[in-house]
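Let us start with two forms of the same protein chain, each given on its own as structure tokens and named structure 1 and structure 2.
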Structure 1
Amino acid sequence: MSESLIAITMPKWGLAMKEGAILQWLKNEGDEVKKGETLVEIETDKVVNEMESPEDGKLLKKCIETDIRVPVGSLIAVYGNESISDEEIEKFISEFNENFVVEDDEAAGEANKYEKIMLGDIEINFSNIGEEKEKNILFIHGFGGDLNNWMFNQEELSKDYNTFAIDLPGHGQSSKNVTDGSLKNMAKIINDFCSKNNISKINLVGHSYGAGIAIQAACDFKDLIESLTLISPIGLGKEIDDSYLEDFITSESRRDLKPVLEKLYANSEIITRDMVNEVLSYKRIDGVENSLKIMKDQISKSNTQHNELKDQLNALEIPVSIIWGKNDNIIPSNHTEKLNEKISIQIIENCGHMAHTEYASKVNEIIKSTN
């Protein structure tokens, strides 16, 4: 195939993604596109998000129409210079498609394999991407989430780090037998997880409840934790939308759950029907509701947070970055006030509670700069 043409393909966001559909082209044929500029809006089974251009180049040809689902790795566009003829472009596309092989279910199963380990009587589900890198990152999701919340972060950062993402107890495919949802108990689970996987040093990236766990782990296991990246963390102020936690637990239908999930994002169009259905399916698993109630009781009551972590965070001597959406409807971004001046604080405009989904590339760059 021509070396002067560049293939732009359907990205793989997260271990489970097999296909995606272009909802909207954000660039036109003939446009010069810079690496990192938004190229298309893509819908997966889990979320709608914008794909950034992986390369600099002129967009010569759009190869996929909107609203057509294609496998991961499919050719969606061709970049090159304007001197290239239409015949060369068509030949390039034809050769790419002739050589493209869709990953079969068996191969995908091997590549997308999750791992499980026992920590006492709790089974922890996790994914590990990247190997033989110098540094380790562990992602800790928030209340009601799972390791797939890091679908835009883990795979990208695995190019530079050994990355681990876990399902906390009560979440995802981990055990649903939570009896202690305190930050100290969850921090101990993080330490035990690292010990079981022979990890002696780790950089923690935590979101919301998971960020509170990360702070607690850094305080309790100082020799283990090298840095923290905290996204909309609990524990730095009193205010919280307690109704979000309550309604997440009690919602039993798509109609009830969708407006609850919309609170997480500045742009609620990110939420897909499949995402809502997947959360409902998770909530109907035996043990989930009770586990969530136990953890919720450790987080807040009557719109007031129970945990006070600001003094402990200020006392840490490791690199710390905090990322907060300016439009966070769950926990206000002004909780960053009166923090140690050594702590890096990034407030992202037009962003809600899920910065690692809404502004994944920006969050990934902050994580890299923290480490």
Structure 2
Amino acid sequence: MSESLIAITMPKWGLAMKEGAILQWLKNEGDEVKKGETLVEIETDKVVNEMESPEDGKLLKKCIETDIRVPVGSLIAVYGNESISDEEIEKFISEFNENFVVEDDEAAGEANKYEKIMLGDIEINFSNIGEEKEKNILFIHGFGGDLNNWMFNQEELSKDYNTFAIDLPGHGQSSKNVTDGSLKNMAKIINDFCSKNNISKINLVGHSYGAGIAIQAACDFKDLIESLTLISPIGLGKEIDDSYLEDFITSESRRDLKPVLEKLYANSEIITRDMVNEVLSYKRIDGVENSLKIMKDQISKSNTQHNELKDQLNALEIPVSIIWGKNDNIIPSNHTEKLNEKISIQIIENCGHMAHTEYASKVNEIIKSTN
């Protein structure tokens, strides 16, 4: 097999993804492709998103047609960096396909499943990928989100880190019995989660409300937290679009919820009916509405945030990166003013409140450079 050929495979975005289809090729055979450039547009059961090229190379051959669903890990393209005969490419493809085994849930076993642990009377659902790696990362989603928000980040970072993503109480598949939504309490849950998993050092990546929890955790548990990557965090300024939180809680139909979710992204076309349905299904579980109200009360009132974490953040001695979409409609990116100059700040153009999904590879690079 030629050493100079590179297999490009169907990515795995989130634990639930089993198949994907290519909607559109954004490069042609013969094109030189740089790592990070968009290569194809891929559709899964849940999302449509652009896949970025994982390597530099020349796109020698596209291996599947558009609109055909193939299992995760299937060969979708072959790169090479020199002129290689068609025969060699064909041989490479047939060898790959002969050896390719569709990932079987049962066979993949525990490594591929959500796990649950009890912290007091709260059950926490989480996923853990990359167990054999040394450095730990924990992803904390925002208000109304869940661990699947990190589908473009966790899998990718698990190549270098032991990654954990949790569903906060009241979210995803964790218990829906939130009685205290304060950052202090949530930070304690993060600490308990780490103790229970025998983690002594961890890097936190938090989004929005989850980023506020991360800051609080870094202040309260200094020995545990090694670094912070904060995406559109709460707690660094007064302003917040309260109506987003209110409407997220009260919207009961697709029609009402869709415009609310559209506020999250710079490009609102990304919101599909499936995404809206998924959020609605979550909101319709007993206990969710009440839990969300309790957490909302800890975040803001009348477009004013309750938490002021700037001074505490400035006083921290660990590496901190902040990532903010320039077009964030929920919390304005100018909250990065007056921060300690040791803190690295990245403002991303044409990006909304969800930088980790809107500009996933950029965010992944920043997370790596923070640790």
Partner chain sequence: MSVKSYRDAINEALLQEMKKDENVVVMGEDVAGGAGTNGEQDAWGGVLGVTKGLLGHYGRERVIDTPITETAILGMASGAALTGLRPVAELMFVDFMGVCFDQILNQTAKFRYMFGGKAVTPVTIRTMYGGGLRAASQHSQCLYPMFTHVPGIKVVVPSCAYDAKGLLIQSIRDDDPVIYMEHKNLYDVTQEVPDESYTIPFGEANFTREGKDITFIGMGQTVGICNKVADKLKSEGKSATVLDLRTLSPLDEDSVLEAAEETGKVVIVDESYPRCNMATDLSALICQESFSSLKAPIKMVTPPHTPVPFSPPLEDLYLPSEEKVYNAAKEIL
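Residue numbering: structure 1 sequence, from 1. Just so we're clear, the structure is a prediction, and the values are computed from it rather than from any experiment. Whichever C-alpha set is largest while still superposing within 1.5 Å between the two forms counts as the rigid core.
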query: Correct structure when looking for the form predicted together with the partner chain; finding: 2
query: Residue shift check between structures 1 and 2, rigid core fit, L23 Cα at least 2 Å; finding: yes
query: Core-aligned CA displacement of K326 at least 2 Å between structures 1 and 2; finding: no
query: Core-aligned C-alpha movement of I64 between structures 1 and 2 reaching 2 Å; finding: yes
query: Core-aligned Cα shift of T44 between structures 1 and 2, given in Å; finding: 2.4
